[in-house]
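Take a look at this single chain, the form predicted on its own, given in structure tokens.
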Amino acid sequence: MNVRGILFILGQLLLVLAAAELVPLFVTVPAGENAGTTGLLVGAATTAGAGLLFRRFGHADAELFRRDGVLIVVSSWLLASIAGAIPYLVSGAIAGPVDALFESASGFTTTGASILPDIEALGSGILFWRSLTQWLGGIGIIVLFVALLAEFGPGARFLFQLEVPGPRSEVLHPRVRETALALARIYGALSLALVLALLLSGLSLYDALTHTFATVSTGGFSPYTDSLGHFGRGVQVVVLIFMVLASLNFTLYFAALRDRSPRPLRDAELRTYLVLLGVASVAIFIDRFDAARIPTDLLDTAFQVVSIASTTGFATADFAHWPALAEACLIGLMVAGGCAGSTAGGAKVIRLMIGWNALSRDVRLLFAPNHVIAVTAGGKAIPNDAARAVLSFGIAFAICWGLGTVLLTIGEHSLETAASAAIAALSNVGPGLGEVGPNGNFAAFASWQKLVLVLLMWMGRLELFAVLALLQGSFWRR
């Protein structure tokens, strides 16, 4: 394991984060928010100091390999969460270190879960930082880092594949850095388009930026306690459209622009995802049908379906009090998540497609054992090792959800609250049901349970295997 190479890269990453912590000063200084300014400056100085220390003991020309890449990616999210918590603590916005870490980890992993009962009380500058952490985490700290800095040698491709969500991390260019740059440009273009659309919808620049950060990253942090319910229906429709766009595979955008053809938009996962959104919206709308509220219920239903499926977590209605069928549909959407290669969380639709086809293949082999039947997705044969990886992911996902649920039921929390909180953290959704619904928060959990939730957020953002690898004794042996 190349410890000096790992330290150098983590040091570079901390310096990038330190620079990011200075950005909200453009909000705190004009607003005269001295506590927020102090918190951000101390956070930036501390993060930069740690980065310089890591660089001092690191080495710039070290080659990276698979084991190094795993450790870098996992350590990056840990260090980012710790660095992001410093402004909360120093400014006094969040008093406890565990609560500050929870809020920071929720931001960087784009989960959107919160322990804050009164969000507006934090001040505009700290809330801007809170939203910015999601924008940084949305495209992935590592992908942005690779795009901004030089390549990392032989381990760069594996590091990139670990960071880009989903079972198929497609490389758009032969060079990893160019791939990262292509994805960053698409991410930036979506962000700019949404900022302009929100400005045209009547939002202030501050509101447009903070909600863009939370939408394009599918994170869901809003600087308002009532989330998107704070705004009119026009703004909600704009955000709904961009939640869908952000939860689609970014490589499809690249292919469509490169080929100047709509053919990539016929992708099987894309079609399945859109059908899933439509069916869930219709089912929930019928379950909630009220002839006197058709227009309002229709938009609220569609918005919440897209918000949950894309794992954004914005709310325009308190779906924790919807009928049982509607709640069950929303839990299913939390598990499914968005498309691979997007900023969305969850298991990913392509995995569900592969898993379903693998199950169908095995059932057919029961009565036709001599047939050779390939597992397919979108008309393409899936290699057996990829199908096995999907099965392994499903088992690991279920185990983590189950263990998380059991741990969160300790105390006076209901099974509904514990199970939905666990899946909301593991799928990086944010709000759940019961106590952690759209009108609630995660503050009632004990400190150790909040750390369990933080671990679930990290595991969900890194899609389990990278974190689980660190628990293997063989990982640490030469």
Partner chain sequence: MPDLPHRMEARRYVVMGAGEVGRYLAQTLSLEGHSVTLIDVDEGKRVVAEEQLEVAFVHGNGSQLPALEAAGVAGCDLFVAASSSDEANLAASLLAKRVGAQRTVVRVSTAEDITEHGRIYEETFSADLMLSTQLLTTTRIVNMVLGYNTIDIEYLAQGRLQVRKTHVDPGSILQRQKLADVKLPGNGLVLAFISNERLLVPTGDDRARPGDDALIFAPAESIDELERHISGHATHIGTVVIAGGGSTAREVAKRLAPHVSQLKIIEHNRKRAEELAADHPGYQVIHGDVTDPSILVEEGIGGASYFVALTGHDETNLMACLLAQEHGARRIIALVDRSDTSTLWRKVGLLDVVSPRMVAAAQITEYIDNGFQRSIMSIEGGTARFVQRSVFPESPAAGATLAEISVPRGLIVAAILRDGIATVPRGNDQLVAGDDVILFVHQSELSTVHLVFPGPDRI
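Here the structure is a predicted model, which means the values were calculated and not measured. Positions refer to the first chain, counted from 1.
The form predicted together with its partner chain exists for this protein as well; it is not shown, and the discussion that follows is about that form.
- Only one of the listed residues (360, 204, 392, 384) places a non-hydrogen atom within 4.5 angstroms of its partner chain in the predicted complex, and that residue is 384.
- Shown without its partner, this chain lists 374, 200, 286, 403 as candidates; in the predicted complex, only 374 has a non-hydrogen atom within 4.5 angstroms of its partner chain.
- Contact with its partner chain, judged by heavy atoms within 4.5 Å in the predicted complex, is confined among 365-373, 243-251, 332-340, 217-225 to 365-373.
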